[in-house]
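Just one chain is shown here, as structure tokens, and it is the form predicted alone.
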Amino acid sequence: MAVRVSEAIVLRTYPYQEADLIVSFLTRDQGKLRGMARRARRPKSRFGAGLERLSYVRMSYYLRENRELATLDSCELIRSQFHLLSDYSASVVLDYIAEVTDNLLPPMERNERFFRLVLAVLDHVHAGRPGAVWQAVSYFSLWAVRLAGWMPQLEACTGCGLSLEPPERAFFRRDADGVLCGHCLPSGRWELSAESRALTHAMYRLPVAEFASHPWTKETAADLRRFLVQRIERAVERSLTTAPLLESC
């Protein structure tokens, strides 16, 4: 049984028995995997700090055919997110990215674009510029939904087909397939502003680093984040634990 070595991003760990951990991790070449890290909870573990949430590592593991759980051999830490833990907003954003990635991606299905997306938004958070965490979480949410195939068109009402180019207003609700005009959704609605729709198209065209000079606060695209979180929760059929924490920052 050959050892595989992959660049990986640690998503979550779960205690198992007295000293072991079950680790969910996203690899560049094999997609999302789960593995057993033996004795990882002991003080002198060979894994060190490499299994912390969203650590970027070079993971060595064995993966038997027809087995869902790999055996982790070791991991070499490339970059830690440890210094971001002192920033509460950044820490919650990291938890959100990990939760969405772990729940949205199917196991053992290569998705290098998603892997590169996570690395890019982590780089952006590390830059520490004003508004960077909110740029990162908005950009990540949009592309996570798009790469998963759950992003609807925003230019037309899914109810009647009316064009929603400004000044037409667009609305949404949790159980709708996309955005709706005011005639199709007269009550019980949230609005997706023209500004947020324009930002969506900008984020489709530009890498997240290009938004470094764009003024951005928590309120920027807040309606778009709500819309995207609802799309994610509908896709995974559960509520995200980190979503309300994110909006309470």
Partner chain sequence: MPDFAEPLERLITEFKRLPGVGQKSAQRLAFHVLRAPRENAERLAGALLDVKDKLGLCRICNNISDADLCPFCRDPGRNQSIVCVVEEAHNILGIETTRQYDGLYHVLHGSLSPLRAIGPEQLRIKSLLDRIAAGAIQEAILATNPTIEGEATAVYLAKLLKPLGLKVTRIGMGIPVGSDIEFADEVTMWKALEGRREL
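Here the structure is a predicted model, which means the values were calculated and not measured. Residue numbers count along the first chain shown, from 1.
If you look for the form predicted in complex with its partner chain, you will not find it shown, but the lines that follow are about it.
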{"item": "Which of 174-182, 147-155, 110-118, 93-101 lines the interface with its partner chain in the model of the complex (heavy atom within 4.5 Å)", "value": "93-101"}
{"item": "Residues G131, S193 and S239 all lining its partner chain in the model of the complex, heavy atom within 4.5 Å", "value": "no"}
{"item": "Contact label in the model of the complex: G48 to its partner chain, heavy atom within 4.5 Å", "value": "yes"}
{"item": "Touches its partner chain in the model of the complex: L162 (any heavy atom, 4.5 Å)", "value": "no"}
{"item": "is_contact(R53, its partner chain) in the model of the complex, heavy atom dist at most 4.5 Å", "value": "yes"}
{"item": "Any non-hydrogen atom of R231 within 4.5 angstroms of its partner chain in the model of the complex", "value": "no"}
